[in-house]
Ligand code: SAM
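In structure tokens, one chain follows: the form predicted on its own.
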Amino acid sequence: MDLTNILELKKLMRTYGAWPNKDLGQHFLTDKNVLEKIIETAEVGKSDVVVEIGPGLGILTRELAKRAKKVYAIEIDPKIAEILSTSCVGCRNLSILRQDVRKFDPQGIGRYRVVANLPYYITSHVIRKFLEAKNKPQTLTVLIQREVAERICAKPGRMSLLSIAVQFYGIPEIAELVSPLAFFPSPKVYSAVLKIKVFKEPLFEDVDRRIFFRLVKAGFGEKRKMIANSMSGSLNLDKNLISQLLRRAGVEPMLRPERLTLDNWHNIYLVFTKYLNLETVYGKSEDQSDW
């Protein structure tokens, strides 16, 4: 069964009464060259456990199963999962989990890698889920929207809450840009193969992650504003006080937050937690790590 052949792919789906679901962001990869690039980038070996999200009809799943010790394929669409079980019938090291990835707990599977052609609408959620998990993956190799991949890999001058959050946990790199023609049906935008090498140890061991990300959110809370203005408004604190603390952290209050490095944010965290009772500013029940 050649899943890169769109005619065969369509015939297979019709046999099961299925069709790509727009609500689930289903765009099935059909390009052999892109498939090979994902496999090459993921560096899956015989001892590896792999988690694949949204395996679709199994074009990537079958290649992963050839190389890995174990593959967990998480598919929310019951009809697509049924097709997957047929197209991957010979993959004895494959477990198909018919569930929402948001309910998946990687705690009990040991060391693992994430490899996936991610639906665009859950990209940030999935990346966040695995980077913040107690049992983090060694790497994430994901095919995602090009714009999102570029935001994740941004350098100071173009930083965002998303880029800071991902780079807090690992090193992201774009391995390949992918044309819409590599999929069926074709999306309206370009995609990219993104690899995140996850840190074995936290980047900053002396921070409360919850408070750190709340401060970063405050910095980006008001678009196109200088960091002092944005943090003052988001935290409901006097701008002069905020400016003073920023200078103590070695950050010019007139800068825009997209210009700051992760080390800048670390220094801001150290100074702000030293001079402010942040629990009284935020409240203890809020999800401070939301990004």
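For every residue, the number given is its place in the sequence shown, counted from 1. The shown structure was predicted, so the numbers you read here are calculated from the model rather than taken from an experiment.
From this point on, the text means the form predicted together with the ligand, which you will not see here.
Exactly one listed residue, out of 215, 74, 94, 194, brings a non-hydrogen atom to within 4.5 Å of the ligand in the predicted complex: 74.
Though the ligand is absent from this view, in the predicted complex it lies within 4.5 Å of a heavy atom of just one residue from 34, 246, 59, 50, which is 59. Listed stretches are 224-232, 262-270, 50-58, 249-257; the contact stretch with the ligand in the predicted complex is 50-58, by a heavy atom cutoff of 4.5 Å. Although the partner is absent here, residue 86 sits far enough away that none of its heavy atoms falls within 4.5 Å of the ligand in the predicted complex. When the ligand is considered in the predicted complex, residue 119 lines it closely, a heavy atom lying within 4.5 Å. In the predicted complex, the ligand sits within 4.5 Å of a heavy atom belonging to residue 102. Not displayed here, the ligand is approached by residue 80 to within 4.5 Å at the level of heavy atoms in the predicted complex. Residues from 16-33 that approach the ligand in the predicted complex with a non-hydrogen atom closer than or equal to 4.5 Å are 24, 25, 26, 27, 28, 29, in the order they occur in the chain.
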